[in-house]
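Taking the form predicted on its own, here's one chain by itself in structure tokens.
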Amino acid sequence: MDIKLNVSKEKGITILEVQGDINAHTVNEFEKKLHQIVENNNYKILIDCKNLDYISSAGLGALMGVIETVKNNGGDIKLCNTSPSVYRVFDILGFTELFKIYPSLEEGLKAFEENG
């Protein structure tokens, strides 16, 4: 399965919709997109996982590669719409402590509005 990445903006929040799998074959594309977003001074990032089927530890590494820059600029990376299997990967590796995960896109956007 390939990966599709769609970027949109809503209320100053960059939404990255991920479709497919983030694995050894697709992680570079995912990582490149994250870096592009951050290089364009977008530090409020909501990753919509509604169509994300799988994320490997390499995908989590890509998130770790930009989170420090994002946080240092007063932003955050939040996730929403994770499937139980994707959530489990985050949870097992302790990433639910680092990244807030919301049940819906609306709740993720609202969290940014409330807490930045």
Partner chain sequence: MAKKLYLKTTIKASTEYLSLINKLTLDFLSLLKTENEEAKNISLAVDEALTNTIKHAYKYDDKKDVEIEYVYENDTLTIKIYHTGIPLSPDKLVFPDMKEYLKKYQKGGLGIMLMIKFMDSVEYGNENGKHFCKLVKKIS
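Computed from a predicted structure; not experimentally measured. Residue numbers count along the first chain shown, from 1.
A second form of this protein, the form predicted in complex with its partner chain, is not displayed here; the remarks below concern that form.
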property	result
Sole residue of 51, 73, 36, 56 within 4.5 Å of its partner chain in the predicted complex, by heavy atom	56
Contact flag, residue 80 vs its partner chain in the predicted complex, heavy atom cut 4.5 Å	no
Distance check, residue 102 to its partner chain in the predicted complex, heavy atom within 4.5 Å	no
Non-hydrogen atom contact residue 17 with its partner chain in the predicted complex at 4.5 angstroms	no
Its partner chain contact at residue 32 in the predicted complex, heavy atom, 4.5 Å	no
Residues of stretch 52 to 77 in contact with its partner chain in the predicted complex (4.5 Å, non-hydrogen atom)	54, 55, 56, 57, 60, 61, 64, 65, 67, 68, 71
